[in-house]
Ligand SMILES: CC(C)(COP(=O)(O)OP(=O)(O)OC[C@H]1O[C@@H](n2cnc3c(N)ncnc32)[C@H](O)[C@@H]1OP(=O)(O)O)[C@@H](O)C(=O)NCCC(=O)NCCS
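A single chain comes next, written as structure tokens; it is the form predicted on its own.
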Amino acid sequence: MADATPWPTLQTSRLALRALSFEDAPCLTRLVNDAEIARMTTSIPHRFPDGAAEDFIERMANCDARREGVFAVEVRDRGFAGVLGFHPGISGAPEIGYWLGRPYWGQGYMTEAVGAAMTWAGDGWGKRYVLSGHFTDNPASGQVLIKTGFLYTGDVLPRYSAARGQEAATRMMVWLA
């Protein structure tokens, strides 16, 4: 990483949140190349291009860890399940985004991962304000954010979705340490 501070590994009862590695690329590509996952994100296209996973992993390995970074979400005894990341938002505050492969849906994994990441963001990374949002047609993501301490701001903004090829209404949320 560009910053000397290493991105940590976080452990929960069922998960490890760790740095992405190039070994994750095939599984990442297979899981994210799902139209229902891609359309609920801003930046993931559908079909997911060959080499895009490796490019993303390389970019994240070289980013400034004071401003952004990602975790591979790994389910114990099942392996790589998705990605959770912090990226600079429009206002400069970090914004959290995430996706989870379809075989892992509905089991509380992302709530567990976001909860651990937010505890670390406040206590270990020193952040006091984190943004997020979810497309209005993705209430499950909104529930993850609510369960992990995010509050609705009242703003609904149009945000572009690469997989949809158009903007989608996005309910904005904030987390305060």
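Quick caveat, the model's predicted, so the values are computed rather than measured. From 1 onward, residues are counted along the sequence shown.
Beyond what is shown, the protein has a form predicted together with the named molecule; the following relates to that form.
- Although the partner is absent here, Phe48 lies well away from the named molecule in the predicted complex, with no heavy atom inside 4.5 Å.
- The named molecule is not shown here, and in the predicted complex it never comes within 4.5 Å of any heavy atom of Lys127.
- The closest heavy atom approach of Phe80 to the named molecule in the predicted complex falls outside 4.5 Å.
- Looking at Ser91, you'd find every heavy atom of it more than 4.5 angstroms from the named molecule in the predicted complex.
- Not one of Pro8, His87 and Met118 comes within 4.5 Å of the named molecule in the predicted complex, counting any heavy atom.
- This chain appears without its partner; in the predicted complex, the one residue of Val144, Cys63, Ala53, Leu131 with a heavy atom within 4.5 Å of the named molecule is Val144.
- Contact with the named molecule in the predicted complex, defined as any heavy atom within 4.5 Å, is confined among 119-127, 53-61, 23-31, 105-113 to 105-113.
- Contacts with the named molecule in the predicted complex, taken as any heavy atom within 4.5 Å, map within 69-102 to Tyr98, Trp99, Leu100.
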